[in-house]
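In structure tokens, the next block holds one chain alone, the form predicted on its own.
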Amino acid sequence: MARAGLTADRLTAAAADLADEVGFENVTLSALARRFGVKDASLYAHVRNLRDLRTRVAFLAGGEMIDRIAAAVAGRAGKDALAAFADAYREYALERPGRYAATQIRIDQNLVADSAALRRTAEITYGMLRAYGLEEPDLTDAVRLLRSTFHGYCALEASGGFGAPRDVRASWEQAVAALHVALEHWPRRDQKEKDA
């Protein structure tokens, strides 16, 4: 019988696959139930609702993504670590578009605090940026700069938003090189106070 063997983890993995196929915004409990040949109600024994399912997909995807990034940056520092981090980020976003979209949703902060994958993401990201000599609040500002740059570039690339004949990969590498320069010459708080 199709319903045998359903678990929250199995449903989450199937929802992540579905997201990559049809788009994260099109993942519904009905679509997932059809995939397993069961009625929608059968899923409620394993997930509370659509929000719960999507949050689970976000955590699954976030864990996959940081595993890929961690492997890429291992043993690297400075510009090499930044480039490896950026490339792993971009590859995941382009190869797993539905999963990647899940990593961008807003998640309840109580759940975030309990997520080992999200803690690991913060540790690896902040660790890479500390190599540039950054401390708070500059660390948070730098994380936001990287995330918005990476996400914006990947979103534009995925949608075919770059129409110029310049190679998209070459532009990506130049953008990462520019971020490295920005991080090396980050405006320090003590310098800002002197300039004020």
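Heads up, when I say rigid core I mean the largest set of C-alphas that superpose within 1.5 Å between the two forms. The first residue of the shown sequence is 1; numbering continues from there. Model, not experiment: these values are computed from the prediction.
Note that the form predicted in complex with a further copy of the same chain isn't included here; everything after this is about it.
Next item on the list: Answer yes or no: in the predicted complex, does a further copy of the same chain come within 4.5 Å of a heavy atom in every one of Gly75, Ala83 and Ile124?
Entry: None of them does, since no heavy atom lies within 4.5 Å of the partner.
Notebook entry, point to check: Do Phe162 and a further copy of the same chain come within 4.5 Å of each other in the predicted complex, heavy atoms counted?
Noted result: Output for Phe162 is yes: heavy atoms within 4.5 Å of a further copy of the same chain.
Note to self: Against a further copy of the same chain in the predicted complex, would Ala13 count as a contact residue? Criterion: heavy atoms within 4.5 Å.
What the structure shows: Looking in the predicted complex, residue contacts with a further copy of the same chain do not include Ala13, since no heavy atom lies within 4.5 Å.
Notebook entry, point to check: Heavy atoms within 4.5 Å of a further copy of the same chain in the predicted complex: does Ala182 have any?
Noted result: Result yes; Ala182 sits at the interface with a further copy of the same chain in the predicted complex.
Notebook entry, point to check: Given that the partner is absent here, does Pro187 sit within 4.5 Å of a further copy of the same chain in the predicted complex, heavy atoms only?
Noted result: Yes, Pro187 sits close enough to a further copy of the same chain in the predicted complex that at least one of its heavy atoms falls within 4.5 Å.
Checklist line | Which of 57-65, 27-35, 43-51, 133-141 sits within 4.5 Å of a further copy of the same chain in the predicted complex, heavy atom basis | finding: That would be 133-141.
Next item on the list: Report the residue, out of Arg120, Lys79, Arg90, Arg96, that has at least one non-hydrogen atom within 4.5 angstroms of a further copy of the same chain in the predicted complex.
Entry: Only one option qualifies, and that one is Lys79.
Next item on the list: Sequence order please: the residues of 142-158 with a heavy atom within 4.5 Å of a further copy of the same chain in the predicted complex.
Entry: Counting only heavy atoms within 4.5 Å of a further copy of the same chain in the predicted complex, the contacting residues of 142-158 are Arg144, Leu145, Arg147, Ser148, Thr149, His151, Gly152, Tyr153, Ala155, Leu156, Ala158.
Margin query: If the two forms are fitted on the core, does Tyr44 show a Cα displacement reaching 2 angstroms between the shown form and the other one?
Written below: For Tyr44, whose C-alpha is compared between the shown form and the other one after core superposition, the shift is less than 2 Å.
Item checked: Displaced residue check between the shown form and the other one: Asp67, CA, 2 Å or over, core reference -> No, the C-alpha position differs by under 2 Å between the shown form and the other one.
Check: When the two forms are laid on each other by their rigid core, does Arg166 show a Cα shift of 2 Å or more between the shown form and the other one?
Finding: It does, since the Arg166 C-alpha is displaced 2 Å or more between the shown form and the other one after the core fit.
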